[in-house]
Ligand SMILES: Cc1cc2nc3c(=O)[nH]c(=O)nc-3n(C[C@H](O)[C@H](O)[C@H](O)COP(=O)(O)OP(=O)(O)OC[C@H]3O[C@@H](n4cnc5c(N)ncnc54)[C@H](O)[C@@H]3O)c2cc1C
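Okay, so here's just one chain, in structure tokens, the form predicted alone.
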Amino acid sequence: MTQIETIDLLIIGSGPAGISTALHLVQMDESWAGRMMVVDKAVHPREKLCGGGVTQSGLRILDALGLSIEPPNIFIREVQFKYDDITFAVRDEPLFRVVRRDEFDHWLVREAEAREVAVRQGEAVRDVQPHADFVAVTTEKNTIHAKIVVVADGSNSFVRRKLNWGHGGDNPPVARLLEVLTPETPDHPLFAQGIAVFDFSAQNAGVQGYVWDFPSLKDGQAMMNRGVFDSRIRAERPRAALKTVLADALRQRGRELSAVALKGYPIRWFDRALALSRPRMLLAGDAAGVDPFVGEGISFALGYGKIAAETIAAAFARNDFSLADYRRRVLDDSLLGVLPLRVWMARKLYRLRSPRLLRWVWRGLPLWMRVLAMVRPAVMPFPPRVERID
């Protein structure tokens, strides 16, 4: 017979959103460690495709938890934004850090386990059945009755599909990404100087996004994490040939796509029409939706965990498990509350197709970004010092 476990909180997914939820709850009250568990079908360290950028917003969340990134990481001191021959840059110490997601996520899991949070890896969820007084979650090993369930199982969330908890339209809010790692020498200019590049010239090829170059480390070796991000925020348009775009970009950098392993993955971006919670259940991280403008995900996932934890603690304090205030808390948060504006920005920039109009817009972007960085710092997570590079 199937064993039934009863628990206050079940977190499905051990990525940054799920573990951030657990860490924030334990920080509020250490007794939470014995009242919850985390389950995940994966076993850490597990491969996770991602540019790996943790911005200042995410670093502040980690700092508030008493954490400083331990896995090897690269300080990015300058970010260059390009469109054809137009380039401008922002600088800070650091603007963000680049980590390997397999190492970063594994580190977060170990931090949760060190606080006595039960993280059950290699245990996939097979069924989810909401009830009036609990949610029944069946895994490969047993059945768990939880008073609240956090759904943090990523862009391809099994739970969302199982419960038909989705967008409901023909064009789901999902971006496409392709990524490669190319070996480099430590004296490569971008690696040596800590420079990341976002090249939006790919808009001329129909990409609703950019090509990126991030210095990175893998097994102690200098690498460049390179890829193409296509937000698909204008889903009615033809799909860009991402593989061709990336191959051309690599060739310009003296690399051949055929010589490296090509990997792809989706990112679900924030959809204001989506219900972020149901009675006794809430979405967090990529399962809820992140940024479609530049595809920033890690910092927002950590932010979702903070707000999810606050919502859960309040629900138990009031004995009200409707979680009806979760959406308001998300939109009122200084970090997560910028997601609707990021969606608006993406819709405006990626609707443009005329190279002539794009050049005109890009000439004015530095001033616009400076203003936004001063007025709404969370929208542009870097200082208001934007400089043209001739």
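Don't overthink the numbering: it's just position in the shown sequence, from 1. Everything numeric in this text was worked out from a predicted model, so none of it was measured.
Not on display, but discussed next: the form predicted together with the ligand.
Participant: Please run the contact check for E310 against the ligand in the model of the complex: heavy atoms, 4.5 angstroms, yes or no?
Facilitator: Close contact is absent here: in the model of the complex, E310 is far from the ligand, nothing within 4.5 Å, heavy atoms only.
Participant: Could you confirm whether P173 comes within 4.5 Å of the ligand in the model of the complex, counting heavy atoms only?
Facilitator: So P173 does not count as contacting the ligand.
Participant: Against the ligand in the model of the complex, would P71 count as a contact residue? Criterion: heavy atoms within 4.5 Å.
Facilitator: Answer no; every heavy atom of P71 is more than 4.5 Å from the ligand in the model of the complex.
Participant: My question is simply whether G154 lines the interface with the ligand in the model of the complex - judged by any non-hydrogen atom within 4.5 Å.
Facilitator: Yes, G154 is a contact residue.
Participant: Please name which of the stretches 87-95, 312-320, 141-149, 209-217 has residues with heavy atoms lying within 4.5 Å of the ligand in the model of the complex.
Facilitator: The contacting stretch here is 209-217.
Participant: May I ask you to choose, among L358, L49, A33, L59, the residue with a heavy atom within 4.5 Å of the ligand in the model of the complex?
Facilitator: Selected residue: L49.
Participant: Though the ligand is not shown, can you say which of E296, D230, D271, E103 has a heavy atom within 4.5 Å of it in the model of the complex?
Facilitator: For this set of options, the contacting one is E296.
Participant: Is the ligand in the model of the complex close enough to L10, A112 and L282 that every residue in that trio has a heavy atom within 4.5 angstroms of it?
Facilitator: Answer is no for this spot.
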